[in-house]
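Next up: a single chain in C-alpha cells, the form predicted alone.
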Amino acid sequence: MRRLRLAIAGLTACSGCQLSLLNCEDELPELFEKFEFHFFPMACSPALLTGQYDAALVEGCLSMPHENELLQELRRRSVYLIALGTCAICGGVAALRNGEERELLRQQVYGQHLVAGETFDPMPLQNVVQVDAAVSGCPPEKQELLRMLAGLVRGVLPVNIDYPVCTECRMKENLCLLMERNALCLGPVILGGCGARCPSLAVPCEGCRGALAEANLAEALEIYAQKGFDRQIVLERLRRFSPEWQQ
C-alpha cells in the first residue's frame, strides 16, 4: 500500500495545532509508515509545493494575501483540504478585532515602525475555499488528530461532532459548574470532543473549541442571565474564539 502524500501548512496562528501533531511522539514512527509528510515547513525543509496531495491539513486563519495564494494552491493540489483548529474553522482569537481600523491596530501594536506586508480582517478558511472536513480545538486533542489520520488511511473523513461539552461532562458525572457552582461555564453552547478537559478539573469551559452549530444561544443567554451574568460579558467571552457570534 502506498503512503499517502500530505501537505501541512500554518497560516495566521500560533502553530499549536501543528505542534500537537508533532507531540504524538509514540505514534510518529507508525505515521511515517502510512504517510509521506511532503510539505511541512514547521517540521522539515526544503518546503516546496510539488505534485498532488491526498490531503492538505491547514492551521490558522487567513489574514494576508500571500496566505490566500498558498491556500488556493493547496486547494488546487489536494484531494481533501482539512481545517485544523478553531482559528482555521471560525477565525479564532486573531479575529477578535475584526471590523476595526487595521492601520490604527497596527500602530497600537508596532508604533511607528514599518511592518511590511498587507493584512486584512482575519477569516476562516471556508470563506475562500471549499473545506472538506475540520478538526476543532485550540489546539485539537492528539487523539482527534490521530483518528483523523487513521480515517484518511481508510479513505474516510472525520465525522463532525454534534454535541456540546456538557454532554461529555455528564458522561464523566462532573458537577455542573454553571448550575451547581454558579461559574460562567460555556459548555452548553461549545462544541464537544475534548472530553470536558477543563470542567473535569473544575475549570469553567472558555469556549476554545468554537460554537456548537445547533446551539440554542437565546435559551443559553436566558439561563446565564438567571444565574446573574451580564449578557454582554457572556457574548464577549463567547467571541474570544468564535467572533461570528454577534447576537
Partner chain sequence: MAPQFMVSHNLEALLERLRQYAEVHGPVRGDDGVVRFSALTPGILPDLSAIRTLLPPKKYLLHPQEIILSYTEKDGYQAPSEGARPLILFGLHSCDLAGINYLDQIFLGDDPDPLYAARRSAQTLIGVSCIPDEFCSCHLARSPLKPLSDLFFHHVEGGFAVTSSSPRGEELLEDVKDILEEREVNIPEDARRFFGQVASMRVRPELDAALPEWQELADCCLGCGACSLCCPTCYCFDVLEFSGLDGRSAERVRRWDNCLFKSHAQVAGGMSFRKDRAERFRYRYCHKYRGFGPLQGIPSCVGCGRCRVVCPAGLDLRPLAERLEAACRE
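Numbering follows the first chain given and starts at 1. Just so we're clear, the structure is a prediction, and the values are computed from it rather than from any experiment.
The following text describes the form predicted in complex with the partner chain, which does not appear among the structures shown.
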Name the stretch: of 83-91, 152-160, 100-108, 127-135, exactly one has residues whose heavy atoms fall within 4.5 Å of the partner chain in the model of the complex. 152-160
Among 184, 31, 49, 64, which has any heavy atom within 4.5 Å of the partner chain in the model of the complex? 31
With the cut-off set at 4.5 Å between non-hydrogen atoms, does residue 220 touch the partner chain in the model of the complex? yes
Give a yes or no for residue 36: in the model of the complex, does one of its heavy atoms lie within 4.5 Å of a heavy atom belonging to the partner chain? no
Hey, in the model of the complex, does residue 188 get a heavy atom within 4.5 angstroms of the partner chain? yes
Heavy atom to heavy atom, is residue 175 within 4.5 Å of the partner chain in the model of the complex? yes
